[in-house]
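Look below for two forms of one protein chain, each set out as structure tokens: first structure 1, then structure 2.
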Structure 1
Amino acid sequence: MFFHIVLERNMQLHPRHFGRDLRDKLVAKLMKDVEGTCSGRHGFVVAITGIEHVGKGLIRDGTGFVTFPVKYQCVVFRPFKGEILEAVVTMVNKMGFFAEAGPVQIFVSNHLIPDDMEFQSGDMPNYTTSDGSVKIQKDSEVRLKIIGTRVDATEIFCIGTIKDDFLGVISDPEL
């Protein structure tokens, strides 16, 4: 799920950046440091939308670096256990399939795929029902439920299921 929240961070700036463009340089550094990272608490920081407040800079003893406390608004993405998401299938193999929803990668193992769907190998591996009416292949859109998440410094990984009601394929890949 996406959230628009205010976060705070202490940015350290080297004196060579001091001058007319100080604030711009500070914002640029913030964006470089923060966009694309993730944390367990907030999830994946997708984009910074604005700066709310830049506090007074404090010179650190012993070095010339100055620390600015910055409050900024940003869009974050955090998957929750039990959340229903729509995702695009990226890879299908005999263990299950991998799908992506924004910056998050989700794995649905064959334990959590309905029993009537069988794996078909071939040049376009897929999971199909016995009558061929429903097919999960690369680039299909699926609705799945998250049952577990793991966050580390650069990515979020989830385990999902499509075995419940109203989950499964939404649309087939564009031809």
Structure 2
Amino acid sequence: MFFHIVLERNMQLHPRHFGRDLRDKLVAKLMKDVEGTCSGRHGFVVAITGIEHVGKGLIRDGTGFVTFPVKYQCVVFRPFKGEILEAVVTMVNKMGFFAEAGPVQIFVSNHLIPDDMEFQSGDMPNYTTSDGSVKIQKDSEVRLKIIGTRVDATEIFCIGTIKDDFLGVISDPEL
């Protein structure tokens, strides 16, 4: 799920960046440092949408660096238990398969894949139905349901299932 939230961060800036374009340099450094990162509390920061406030700088003793408190708006992505996502399969093995939905990696165990699908090993490992009509392999798009999440300080891990109504393969890379 995507959220638009307001966050705060203290940014350190080297004295060589002081001048007319100080604010632009500060915003560029904020975008470089923050976009694409993950915090366990808020999720993955997708994009900074605006700067609300840049506070007064505080000079650090001995270094000349200045610390600015910056309040900014951003879009974050945080998956929740029970959420339905579309993902791309990145790896298939006999234990299940891994898929990615944006920055989140999701594992689907073979116990959470429908019983009529069997693992096929070989040069392109996959899960195939007995009649061969549906195949899950690398680069397949699947719709899955998140049944569990684990949040670390800098990463979010998910467990998913396709053993439910309207879940499974959306598109096959071979077609």
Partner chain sequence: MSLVADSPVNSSSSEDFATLLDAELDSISDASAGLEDDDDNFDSARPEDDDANEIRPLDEFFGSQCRKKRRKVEILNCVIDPQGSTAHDEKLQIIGASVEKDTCTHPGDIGGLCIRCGQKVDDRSGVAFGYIHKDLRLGNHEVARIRKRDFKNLLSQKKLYLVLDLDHTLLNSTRFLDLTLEEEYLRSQTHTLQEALKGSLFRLDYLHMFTKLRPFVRTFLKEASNSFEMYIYTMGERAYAMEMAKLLDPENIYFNSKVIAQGDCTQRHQKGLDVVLGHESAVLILDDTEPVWVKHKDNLILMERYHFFASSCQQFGFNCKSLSELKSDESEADGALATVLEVLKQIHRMFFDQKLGDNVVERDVRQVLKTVRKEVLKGCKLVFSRVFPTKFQAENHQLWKMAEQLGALCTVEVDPSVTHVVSTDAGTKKSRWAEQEKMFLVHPRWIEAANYLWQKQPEENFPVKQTKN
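Reference numbering: structure 1, starting with residue 1. Whichever C-alpha set is largest while still superposing within 1.5 Å between the two forms counts as the rigid core. Source: prediction; values computed, not measured.
(request) May I ask which of the two structures is the form predicted on its own? (result) The form predicted on its own is the one given as structure 2; the other form is structure 1.
(request) Taking the rigid core as the superposition reference, indicate whether the CA of Pro69 shifts 2 angstroms or more between structure 1 and structure 2. (result) Shift of 2 Å or more: yes.
(message) So that I can tell if Gly40 moves, could you say whether its C-alpha shifts by at least 2 Å between structure 1 and structure 2 after the core superposition?
(response) Indeed, Gly40 is displaced by 2 Å or more.
(message) Let me make sure I follow: superposing on C-alpha atoms, what angle in degrees does the smaller rigid part rotate through relative to the larger between structure 1 and structure 2?
(response) Relative rotation between the rigid parts: 19 degrees.
(request) Would you mind giving the Cα movement of Leu13 between structure 1 and structure 2 in Å, after fitting on the rigid core? (result) Superposing on the rigid core gives a C-alpha shift of 5.5 Å for Leu13.
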